[in-house]
Structures are given as C-alpha cells and as structure tokens.
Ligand code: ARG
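Before any questions on binding or motion, here is one chain by itself as structure tokens, the form predicted on its own.
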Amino acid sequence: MNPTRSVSVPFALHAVGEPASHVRAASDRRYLLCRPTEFEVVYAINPWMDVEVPVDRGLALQQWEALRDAYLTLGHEVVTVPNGVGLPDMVFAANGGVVVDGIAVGARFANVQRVPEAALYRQHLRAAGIDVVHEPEFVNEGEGDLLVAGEVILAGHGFRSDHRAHAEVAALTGREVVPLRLIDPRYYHLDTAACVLDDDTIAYLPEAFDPVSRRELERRFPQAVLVDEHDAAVLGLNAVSDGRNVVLNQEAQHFAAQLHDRGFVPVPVDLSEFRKAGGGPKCCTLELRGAPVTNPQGLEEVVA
C-alpha cells in the first residue's frame, strides 16, 4: 500500500483532509469482521445497553458495510465471518481474541450470554490461517481489553477481564503485558478508554483509569493524545488506526482535530446503531497480526 495516495471515500465516510504536521506512515492490515445479521439489544451487560431502545438492523448493516468499505478503501484486507445464530453481540469481533505474531489467544467471556462466541471465534481464527490458537483458562475479552502497542500489550481489567489473565497472555504470546485498571463502568473495556495510534503513540481518557494506571500510562506514553470527556462519551476512542489513518466515530470531532494536528488522518464513520450496545469501529474489528495473506479454508475474504 502506498501510504501517501489519496483515497475515494465510501458511503457514510468523509475524510478530514491531509494532516497539518508531518505525514505518518500507514501499514497494511488484515482485519476480521463479523456480519451483523443477529445484532440487536436483548439484554444489558454494560451501561450503554437498554432493551427498551430498538435497533434498526437494516441501518446497522449499512453502517457495518460502510466500516468494511472504509478499510478496503484504505487498502486493507477484510475477512468476514458469519454471525452465530442467537448471538447478537458477535458482531463485536474484537472481543473474540487477540492475535500477535500469528499466535492467537482466544476469548473467555465474563457474561453467560456471550460464552458461545468464544469457540466460534477460535474456529474462525484457525480458518483464517492462524495455526496457533489458545483457549485461555482465565476470563479475557480479546482486543476489548488487550491492545497491542508496539512490543507490549496493554491489558484492561476491573469490569470484564480477569487480572489473572495477564500472566497467561504474557506466557502464551511472549509479550510484556501492562495491567491497567478501569474505574468508570461506561468504559467497561480498555478499547473504549484508549486507542493505539502507532507503535509509540496512544490516545486515552485519563479519568477512566485508577491513579496507578494513569501514572503508568504517563510514564510510558508521555506524548499521548489526551481525549476529553465528550469525545470519550461518544466512544471516540473506540477507533482503529493503521499508523496513519484513524477510523473513528464521526461525533468525536475534537479528537479528530487532535489527530489531524499530530499528523494522522481522521476517517469518520457513523456507527450510531452499534453505540446502542456500547460498540464502535474497534469493537467491530479484530486485527490478524502476523496472519498469512492467503485464505486456505474458504472464509469470505475481500481484498482491496
């Protein structure tokens, strides 16, 4: 992929121009997404979910397709997997595991409603060409709470993932795992309170973390983008970056301006239907790091 090429933008997606500072380099990514054929809000397992608020499934599908098309327009690969019957949250593929260097640690879900997703995602990861897929002993909810930042994995806990999973993930992946305690139930997963922009840069909401975790983030990422409460509250941090282009919820306008000033290219999308369940672009996206580019077992794969 040529990181300096311009892109035409798909339905419901509007690029915010070239960044004001130096141009950052994008890298090719391979993403796994789950088609939201079962998506609805029929139970409440986080503060965003209200069973009295209806989901427009047709609009949700359009928004999901716009997210997929955004990745394709940016030159990335997308593997699409089917939604298990009766699993309305399976669209949030990030929770299905974490993949580094072609090794996957699968998920173990905290809430009984999502437990069946774990085995399906392990199967889909193998079908996508991941040869080593671990079934964990302790609760972790994949990239919801495990964000790969350079050579380390930032690990959220406090609401969903068990802190005992951190040593397990470190042993299985060979990566340093950095525990971060979440304290605001609105930011129940780490990927709602922090976003990895490139190997050295993250964005986060300081108030979402306890004092110890906040100091650790300040020490490790002194040049981090600090996001305000408004943009965090529209799940602006639930974003996906390829090192240059950052796909984020369109309502997070100040965060988009901050990204632009730092040399990133904001790519806003509308995922308002998924926010009814506490999800955004990152929740819908599982990155296959170190996975082969071939598709040996016949999953639906779309290549830009």
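Predicted model only: the values in this text are computed from it and were never measured. Just count from 1 along the sequence shown to find any residue number.
This protein has a second form, the form predicted in complex with the named molecule, left out of what is shown; the following refers to that one.
A.B. asks: Given a 4.5 Å cut-off on heavy atoms, tell me which of 190-198, 124-132, 77-85, 223-231 is the interface stretch with the named molecule in the predicted bound form.
C.D. replies: Checking each option against the 4.5 Å cut-off leaves 190-198.
A.B. asks: In the predicted bound form, does each residue in the set Y204, Q253 and A256 place a non-hydrogen atom within 4.5 angstroms of the named molecule?
C.D. replies: Checking in the predicted bound form: none of Y204, Q253 and A256 is within 4.5 Å of the named molecule.
A.B. asks: Even though the named molecule is not shown here, does I45 get within 4.5 Å of it in the predicted bound form, heavy atoms only?
C.D. replies: Although the named molecule is absent here, I45 would touch it in the predicted bound form, with heavy atoms inside 4.5 Å.
A.B. asks: Indicate whether A104 is a 4.5 Å heavy atom neighbour of the named molecule in the predicted bound form.
C.D. replies: No, A104 sits far enough from the named molecule in the predicted bound form that none of its heavy atoms falls within 4.5 Å.
A.B. asks: Looking at the partner-bound form in the predicted bound form, is A277 within 4.5 Å of the named molecule by any heavy atom?
C.D. replies: Contact check for A277: yes, within 4.5 Å of the named molecule in the predicted bound form.
A.B. asks: Might G97 be said to contact the named molecule in the predicted bound form, defining contact as any heavy atom within 4.5 Å?
C.D. replies: Outside the cut-off, so no.
A.B. asks: Could you tell me which one of H166, H157, R175, R114 places a heavy atom within 4.5 Å of the named molecule in the predicted bound form?
C.D. replies: Of H166, H157, R175, R114, the residue with a heavy atom within 4.5 Å of the named molecule in the predicted bound form is R114.
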